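The structure tokens that follow cover one protein chain in two forms, given apart as structure 1 and structure 2.
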Structure 1
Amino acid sequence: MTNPRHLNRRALLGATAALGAAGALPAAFAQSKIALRISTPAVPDDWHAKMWTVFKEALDKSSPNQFDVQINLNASLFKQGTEPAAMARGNLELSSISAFDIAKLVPEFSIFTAGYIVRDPQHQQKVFNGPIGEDLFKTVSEKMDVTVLSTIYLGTRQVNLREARTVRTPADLKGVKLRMPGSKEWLFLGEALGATPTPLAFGEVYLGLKTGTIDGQDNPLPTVRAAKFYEVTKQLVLTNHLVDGIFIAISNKSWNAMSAAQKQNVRAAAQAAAQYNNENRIKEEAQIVDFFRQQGLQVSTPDLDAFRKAVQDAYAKSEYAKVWPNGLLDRINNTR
């Protein structure tokens, strides 16, 4: 009988000799692939998690054997909100960063953390894919050492409560412990909505709702479905308070080391991912409310003028608005 160990060794020696004769190692063996580590808190079933597979497939097709795309979901590589620092230090190549992350280092970007400014997903894409985005992303690159590649529509944020209550105006959210992600920019938004904001990482929200350490949370409806928050809440209040965006960004260290052709392919892959996410999310948002009703949730619409006025007033009076460049709000409003 042939000893399989010998066979394997012989086969391996033969293969090595053949490679030597050919004079070059295939790229996969030559350790020349550029590692692109991605970290995101997104849950697997959300569109901004699935979009990374679109990114990877697009890049594998346009640049075969050049990139090793590693997708890490559920904040398994870096904690939510720590990705920009990890990218600046060169410990992470790619992530989707929020306006709130950016506002910490580029204060004027806080205009996009304010409620009721961006009107809808189309408005958002026009703002960020036009001159306003171009200017701001230049500053982001200078101050954060990351390059923004595309704008992802995360969805329109709504209030989601553990126990049903009547909510017509922000005053009706008084005392409600509303979970927000953990930064002062996020907490301010919760406060502007009339609630008592409570910081918590995204990965801890389900349990917080289940056990009652928080009374509610805010997120876009596709995320409420994908993260299964509907299992532990009883009401959706359709406040439409933030047309939210995240931005696919790559560390400048990695970006600057790429050839022009590689840069073009990476950017195209990020744009394909954005298109996939944006189309699917917009389609889902248009018909998702029925799903929640079927799950037994109450879905209510508050006095939107009252919410808009309270939130806009809170921002206008805040320290944030003081650093918004003159004319930026008008330029955003006039983008059509």
Structure 2
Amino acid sequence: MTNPRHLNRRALLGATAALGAAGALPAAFAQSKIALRISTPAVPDDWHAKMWTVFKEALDKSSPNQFDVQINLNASLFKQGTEPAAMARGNLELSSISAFDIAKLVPEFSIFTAGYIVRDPQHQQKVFNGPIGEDLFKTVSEKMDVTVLSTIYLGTRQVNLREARTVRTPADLKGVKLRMPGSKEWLFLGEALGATPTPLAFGEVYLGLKTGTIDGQDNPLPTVRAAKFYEVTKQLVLTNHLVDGIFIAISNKSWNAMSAAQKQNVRAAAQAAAQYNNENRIKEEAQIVDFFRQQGLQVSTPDLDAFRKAVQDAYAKSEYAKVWPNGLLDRINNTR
């Protein structure tokens, strides 16, 4: 006959084991989450930083307890420009990469670093969310080992002049010493705009405008406000010469390890982040024009068709266009 005391002891041990197993479940479950580390150079107040919180919240909602999204701002995890290689090696899951980053390994992508290729933020989304983007992103995946999930609007560059003048066509910028970033690609763009491109460090632009070392500079309007260039200039010419973008991308190693449902939710979260960024960035740029008018700047819009034709013709005859696939420029121009 079994001793009741032995039964009680076995029952107690069994109950303790069951409790232990139950207690271990949450920890094991947490460990099974897929880690998604994000590295970005964006500062906290930037829309390009805030969008990652939208990404995390959307993914937590659509895929509860499946992902551990870790947001690292200020290039605190990887230095700016090193993210594509880190993702290719599988050392990083997610980041935003630029057209310049992509063009280093996918030369045909350099078409998006040229002036007047993308007309506006809406055109940008139609190009990259359609057949052109599908074809190019497939090549990006093959050559860079990352998958592009969505396209982010970075801003539109405009011309900002020290003295007001009538600017309708590129010919009206003849002789204007226009500060551009120092690389040959940027200087070519300045020349194609009709100006005399003048390389100057960004930190020297304010003084250069004040003293007349340069006659103008180009940047997205939020940068013009942040750097207070409006204090030493009298005109904004809304040339819209470069609609810039970055791309949310994920390591193929991480992407290929996901289920179809997980991929769908991750892509949807990236698109939600893009929509949040794009809407707020466009709204900010529209409001900034009023700010500059209040500061006394003359705001003018030139003949954009004339500028676009002159710049695209200059690129068509250049070494840059030699790596662009035949017909790609026409396909982009015809995207409506």
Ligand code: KDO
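Numbering runs along the sequence of structure 1, starting at 1. So that the term is clear: the rigid core is the largest set of C-alpha atoms that superpose within 1.5 Å between two forms. Keep in mind the model is a prediction, meaning the values are calculated, not measured.
Comparing the two isolated copies of the chain, the first one is the form predicted together with this ligand. Once both forms are overlaid on the rigid core, the distance between the two CA positions of D135 between structure 1 and structure 2 is under 2 angstroms. K79 shows a C-alpha shift below 2 Å between structure 1 and structure 2 [criterion: core-superposed Cα displacement of 2 Å].
If you fit the rigid core between structure 1 and structure 2, you'll see the Cα of L238 move by 2 angstroms or more. If you overlay the core, the Cα of A316 moves by 3.4 Å between structure 1 and structure 2.
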